[in-house]
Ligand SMILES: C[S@@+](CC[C@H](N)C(=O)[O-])C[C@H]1O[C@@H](n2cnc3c(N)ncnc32)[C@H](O)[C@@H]1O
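Quick setup: one chain, the form predicted alone, written in structure tokens, and binding and motion questions come after.
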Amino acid sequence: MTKLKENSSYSINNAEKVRAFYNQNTDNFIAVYGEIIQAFRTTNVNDFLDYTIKSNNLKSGERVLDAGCGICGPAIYFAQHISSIQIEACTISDIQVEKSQVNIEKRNLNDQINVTRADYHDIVKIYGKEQFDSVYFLESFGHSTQKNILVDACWDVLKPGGRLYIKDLFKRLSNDEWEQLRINQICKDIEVGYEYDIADLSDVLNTIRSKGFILSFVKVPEVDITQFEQLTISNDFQNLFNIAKIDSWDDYIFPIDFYEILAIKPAINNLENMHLYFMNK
């Protein structure tokens, strides 16, 4: 059953812009990306989903939250390949909820996946505290303009020992002043086109660590370069719909880096015993 959340307490205007964007453009995304709406991917996208399962250490019997779930393509794949996993999925888009429900029912996965129309900043109100073994964002974290509030919410809904997993794009840095100005401009075009707020990696890591999470890793996704999709799908989308269009690769400055982050909410909350986390890890 889908639970509707008509308003968010946080950044309502931005949330409504994201909602309108995906209500209008989801069919366009599907036409180019299929059910897995992610730019960083392998040619056979199932290979990357298998990688994500391992990287986020998703396991049978866990209850997890797919925050910014799109049309539930990844959630469906995870449910099909991990026995007894329970997935709560949320998206701000009404259209994506409708399409997710169709996709879930078509695969007979209603007992494993539940989709909710909501602003993911409100997950504590929706799901309650200490409910999930993992909260993950697959290129959806960047839609938040209040990432500190979002990280706080993730902390609250995670069980002690739970995992925060983020795979997203981050603004690239250059020691060349002109190149950095160009990077900033391209990022701005992407943000306007996609209702995005491309994160600064250092800021996100500082927010995660200051909250109390233990940083397990931050890395470029470990994909075999021969299997990497090379962003041709993303460029097809940009060319088709004229969003941050790449006119020529010859003088193009790549503006972003993709990273994945895994952080753990300590199983021991007593600060005096934090060292035991590392001893028993």
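Model, not experiment: these values are computed from the prediction. Each residue number is its position in the shown sequence, starting from 1.
The next section is about a form of this same protein that is not shown, the form predicted together with this ligand.
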Is Ala118 one of the residues lying within 4.5 Å of this ligand in the model of the complex, judged by heavy atom distances? yes
Is there any non-hydrogen atom of Ile256 lying within 4.5 Å of this ligand in the model of the complex? no
So, in the model of the complex, is Ile37 in contact with this ligand at a 4.5 angstroms heavy atom limit? yes
Heavy atom to heavy atom, is Cys69 within 4.5 Å of this ligand in the model of the complex? yes
This ligand in the model of the complex reached by all of Val64, Val151 and Trp155, non-hydrogen atom within 4.5 Å: no
Name the stretch: of 84 to 92, 101 to 109, 158 to 166, 126 to 134, exactly one has residues whose heavy atoms fall within 4.5 Å of this ligand in the model of the complex. 84 to 92
In the model of the complex: members of 135 to 172 within 4.5 Å of this ligand, any heavy atom: Leu138, Glu139, Ser140, His143
